[in-house]
Ligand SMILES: NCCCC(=O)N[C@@H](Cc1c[nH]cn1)C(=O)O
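What follows is one chain in structure tokens, specifically the form predicted alone.
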């Protein structure tokens, strides 16, 4: 945006951020270097080290930092492994200011150079304006961008326009173990004076156009187990004369979804919320390249060919994905064995108005009905080990309008208002516990490759993201009286 459109304060802040790009990138390089993979137990010490770095960074801002212990987790082998602490930080207690709570995580997905990375995943490397490294966009980059924005106000000796609270964890990629219980315990303590919550743990829908996210799908993860005898059998001796568990399981999995992606479980679509006229209007203005999305996926053809159809099936309709089979032979070569027990794994991304308990019952009833028709003597067991609810916010909330204005200030255009087809349970959790509006402000682009090889964030998005957060602070400071009247969420009732 032209500097002539900026206020003197914004100009001063943005000039400082531009002048300190190298410092901000060096900060990210330091964080990316820590292999804070929360999925692998042998790297837990690295996660704990990363939490210490984040705590030290907040303390350097002048924040009060409380690293809260969550105890330990018991692994499948019986070993007890310490959980990394959760950071609860606080900066500023001016009663005249609104209080923003920022959530982020500093753990990452596994990454190895031999997995197909063109650079070392734990050495931040800049190539053609892109900063490659594990955690660059998910989620170390956005967490640091927020901290850098706060740091800019302090460096320029500008009075903080809002009070800050920070919730930073190190187990998000492994299910945020223990976090929800801690947040619930702090409902009337740490969160008692929070006016709203900001999350920046997602991506734009486009490579170039900014976005604000106002909804995510939930996720119900299922396990369907079929068990025959008490041992694996030789297919030459028993093949053709027994009911094979894997044959039963494949029939069950095949019954779940048809070739068009339509879920075949009776009643599964009954509670799906209707698309509103306002959302239809939002869809029309969204920048989305179907061909680009297809190319990013690496597939030859998508199930749907238009932007409208794809967005509906990503955001407004449930989807079912089959993820794997446990117990079946999967090594190279051939092993002519009939497995005694196999477990199929699938999930349903559910949308607003769908009830988790109803979804579970519909799945169980369907699979039991299909299994009964096979007249198999094998045992069937269906369970739902994990369930997360969908989340949706009101795009007309003043908080979204403030974020929209901040993005326009930095990028010179209004953002797309989008939903995210994935699941971010923490958004619903924060909204339920604080009873305040939650907003998602992504700074990563659609091609950043979170969880994938060659994850990156562009220099532009990282630096401009810092500016967006700084501008957002200023916009929020203008909402004081208005926010207290409107910040209670009016959705997800």
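Keep in mind that this is a model prediction, so the values were computed, not measured. Residue numbers count along the first chain shown, from 1.
Separately, the form predicted together with the ligand exists; it is not shown, and the next lines address it.
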Can you tell me if residue 202 lies within 4.5 angstroms of the ligand in the model of the complex, counting non-hydrogen atoms only?
yes
Heavy atoms within 4.5 Å of the ligand in the model of the complex: does residue 425 have any?
yes
State yes or no: in the model of the complex, is some non-hydrogen atom of residue 219 no more than 4.5 angstroms from a non-hydrogen atom of the ligand?
yes
State yes or no: in the model of the complex, is some non-hydrogen atom of residue 451 no more than 4.5 angstroms from a non-hydrogen atom of the ligand?
yes
Residue within 4.5 Å of the ligand in the model of the complex by heavy atom, from 389, 366, 165, 349, is 349
151, 416, 279, 420 - the one with a heavy atom within 4.5 Å of the ligand in the model of the complex:
420
Pick the stretch from 112-120, 92-100, 194-202, 290-298 whose residues have a heavy atom within 4.5 Å of the ligand in the model of the complex.
194-202
Those residues of 82-114 which, in the model of the complex, come within 4.5 Å of the ligand by heavy atom:
none
